[in-house]
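Here's a solo chain for you in structure tokens, the form predicted on its own.
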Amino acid sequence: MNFKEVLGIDFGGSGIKGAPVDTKSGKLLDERHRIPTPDPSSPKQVAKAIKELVKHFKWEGPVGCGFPAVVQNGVVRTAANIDKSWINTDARKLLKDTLKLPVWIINDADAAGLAEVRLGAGAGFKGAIVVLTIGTGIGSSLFIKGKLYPNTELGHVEFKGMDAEVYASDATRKKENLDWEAWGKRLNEYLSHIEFLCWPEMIILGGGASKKLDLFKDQLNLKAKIVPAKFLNEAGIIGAAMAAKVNIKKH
């Protein structure tokens, strides 16, 4: 089986998107395809939607899938933005049985981080890196000398008496109608807290807000080097494929 080309899938709260990926270069081998996340986003419904996506590409090889949840050995442990029935579901087994293909499951922010650290904005950097995907919520991944510490969930640390992402996500910026300067100050407070907790030498900002870094970078005053993500919204697809390439062979 060819593990150089893997179908990467990014399962999010509002959409499930995917594309075949060249895992060596990170290049998408076909146009990204997106289908709306089913409502309810139960395991059975999502597995059916992912099967549709696989069919769209006429795919018969390995599949990597990023989930918006803590994932341990293919089992989903949390469900902040998806149906609660996912908790303790063996997602890897479910998708293997549904697709009849080799599958690997990874936390979506960890997938995005893998793409950025191995092939993107953090490639070649040897220090500690935190990758944050800032969108509806805040996803996080932590790397030490290029190695992933999985499922960090730094968007859910308590900050100012609430979940940090409630205070500093891009969704909050839109909801509260904050200008870029005001939101940038909030983000800086949150990033300073992350710096205090784990002292990264580089922070890579991904997700929707990363494309607008020029509008709020003057508000960021940190010791870590701040860089925008290279792969933007495709990072989750690329990283899920990369994780599958490495892990399916081992398991």
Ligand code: BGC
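The first residue of the shown sequence is 1; numbering continues from there. Just so it is clear, the model here is predicted, and its values are computed rather than measured.
As for the form predicted together with this ligand, it is not shown, yet the points below apply to it.
Heavy atoms within 4.5 Å of this ligand in the predicted complex belong, among the stretches 96-104, 175-183, 115-123, 76-84, to residues of 76-84.
For the residues V46, A69, A209, L187, the 4.5 Å heavy atom test against this ligand in the predicted complex is passed only by A69. Contact annotation for H156: at least one heavy atom lies within 4.5 Å of this ligand in the predicted complex. In the predicted complex, this ligand lies within 4.5 Å of some heavy atom of A109. Contact check for V131: no non-hydrogen atom falls within 4.5 Å of this ligand in the predicted complex. In the predicted complex, the residues of 112-138 lying within 4.5 Å of this ligand by at least one heavy atom are, in order, T133, G137, I138.
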